[in-house]
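Quick heads-up: it's one chain on its own, the form predicted on its own, in structure tokens.
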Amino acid sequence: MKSIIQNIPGKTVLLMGNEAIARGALEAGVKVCAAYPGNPSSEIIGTLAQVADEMGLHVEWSVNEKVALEVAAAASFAGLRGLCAMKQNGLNVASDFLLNLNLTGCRGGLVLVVADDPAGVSSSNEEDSRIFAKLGDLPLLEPAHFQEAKEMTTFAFEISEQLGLPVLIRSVTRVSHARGNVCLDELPQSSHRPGFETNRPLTAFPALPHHKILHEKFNRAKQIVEASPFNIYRGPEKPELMVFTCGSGWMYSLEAVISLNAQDRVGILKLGTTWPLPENLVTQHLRQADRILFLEEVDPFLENNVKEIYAQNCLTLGLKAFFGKTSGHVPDIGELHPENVLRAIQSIMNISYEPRPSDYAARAREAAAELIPDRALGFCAGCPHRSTYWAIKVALALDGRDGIVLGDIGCYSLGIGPSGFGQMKTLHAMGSGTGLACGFGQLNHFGLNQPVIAVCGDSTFYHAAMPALANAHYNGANFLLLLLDNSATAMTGFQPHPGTGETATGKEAPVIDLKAICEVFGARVEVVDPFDVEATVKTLLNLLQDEKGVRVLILKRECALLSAKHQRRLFRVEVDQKRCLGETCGCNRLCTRLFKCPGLMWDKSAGKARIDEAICTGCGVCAEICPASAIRKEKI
């Protein structure tokens, strides 16, 4: 039996933070779960999808985050409990619906989990999503560890139904993707028949009376958070320094205070309910100390909101010294970690402490440089995106008009770096490459003579690029859209999408054909295999020189990591050591220095290129790009 659905109350299991959230949803009796894949949130729906049949759930990967939230909200409107999950970027997409949903309210419990990515470990930004809770007057919870991740999820469903509001849970990478012990509670057995009360419509219009009701609900939320068990204080009654923290900052704060042996001097108030804040509790702890340090990840959300409470009570609280991101004691970008928390407390308290020898960092860097191979961020061996960007590079050089390549979000975003030969020139949000192309594609009227290429993946196309393609045809934009169809949402874990023929739970689904969609939008459409570099370059050149509205080239080749599971190598590849001239070739080691497939290696002792048999996937593309024809491929 999967540990996530064991109905053994009191049993302790090892769970990832995202799995703990999923377990909390199951213990709360969730029925409908929806998301669009995005790290660090993906495992929440991935975990629930694995147990959907056993637990009688509807679980889906929606085409984007707005639709996912609407799916979960529909369950709530019918009296069921719904869960939606996304990463921080996704909340931007869902916010249009969210900031009307707060006005209509919900019926069954509705929980929105947003997993933020401090330092942008797997994201294009490190946006702090918490501001949306404040914008929408919506309750916000922040788990500090794995047990809380589970318990806060069940609590979120309860207060959602008490208030008639969606409740936000903000996780972060180090909570979502780490593992820890979680004590299980009982799984519910009861089921509820859904039904929408047609005599109670849910509309955000007119706005004013609904806004008033929202404020009334929010005031009730303030009363609930005052008694929340997720707000904890640890430390002396009158500390020299009071730390206000939330989320991952709790564990870092505990570790730092213990390491500094300052338990009798520093108090820590961990707030699990960060919006609305428990004002009485906050005021009480502000009164206990004259020096306040704020520890949180990304923006000074907690810091600024506590300062607002202080400003309202400053006459009775007296003067305070505040430290945090605003004062510069805590970094205002990136993640928290024990060392920067230690430094902040040390500098304020004048405590002498050296966690490791002063030369440790320098010695570690030296050892790493000697022992760890230099590995730049790049495409996998046999990735079709590498050959696609090579074809783009060659075609644009042959075209000679300094074409512009507009990027998008996915594995192919690496086209901005060496792995994509620096071809991609813009990178913003999902679908933005095609949207920007709509604008660039109108500038020929003003004298722009550079061809415009937008690059977009298959999953991203369904998510956000279709409206831009409709706009392009409607407004007569002139550009070439490259659809990189690798048959998966590869960057986030190979989740299915509308073009794969499979649902989140593994059931068969209709395939929404990319070529047919693009043709409906009025585009000229061609399809090529990017592994056929010569044909791809030829087709690219032809489409670049067409310049009649929007054209689409679908580069269809399954992701190498997927194909390796069910398909043998296409070719047996080897380097002819007699024909490889190495440094004297004149190509300046084009294969290993520029093309950079991990399956190619430079043999320093022989001064020649070789195939790394353990890594090579047998795509055979390198044989096409070798100017000396020293790389041979033999069909298997």
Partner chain sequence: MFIPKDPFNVIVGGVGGQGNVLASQILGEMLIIQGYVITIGETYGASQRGGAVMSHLRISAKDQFSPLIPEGKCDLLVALEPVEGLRILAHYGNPGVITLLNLRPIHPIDVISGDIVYPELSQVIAKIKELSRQVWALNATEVALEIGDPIFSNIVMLGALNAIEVLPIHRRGFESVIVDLFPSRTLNENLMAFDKGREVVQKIH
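Positions refer to the first chain, counted from 1. Small disclaimer: the values here were computed from a predicted structure and weren't measured. Here, rigid core means the biggest group of C-alpha atoms that superpose within 1.5 Å across both forms.
The form predicted together with the partner chain is left out here; the points below concern that form.
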Option touching the partner chain, based on a heavy atom within 4.5 Å in the predicted bound form, out of Ala509, Ile404, Cys380, Ile348: Cys380
Contact residue in the predicted bound form, chosen from Phe294, Phe301, Tyr389, Phe146 - any heavy atom within 4.5 Å of the partner chain: Phe146
His58, heavy atom within 4.5 angstroms of the partner chain in the predicted bound form: no
Any non-hydrogen atom of Lys604 within 4.5 angstroms of the partner chain in the predicted bound form: yes
4.5 Å heavy atom contact, Gly29 and the partner chain in the predicted bound form: no
4.5 angstroms heavy atom contact with the partner chain in the predicted bound form for Ala623: no
Asn64, Val67 and Val533 each touching the partner chain in the predicted bound form (heavy atom, 4.5 Å): no
Segment that reaches the partner chain in the predicted bound form - one of 316-324, 540-548, 67-75, 354-362, heavy atoms within 4.5 Å: 354-362
In the predicted bound form: members of 165-181 within 4.5 Å of the partner chain, any heavy atom: Arg174, His177, Ala178, Arg179, Gly180, Asn181
Core superposition between the shown form and the other one, C-alpha change of Arg568 at least 2 Å: yes
Cα displacement of Pro357 between the shown form and the other one reaching 2 Å, rigid core superposed: yes
Core fit, then Lys548 C-alpha moves 2 Å or more between the shown form and the other one: no
Relative Cα spacing, Cys591 and Ala369, in the predicted bound form - shift of 3 Å or more: farther
Closer or farther in the predicted bound form: C-alpha pair Thr489, Arg568 (3 angstroms or more): closer
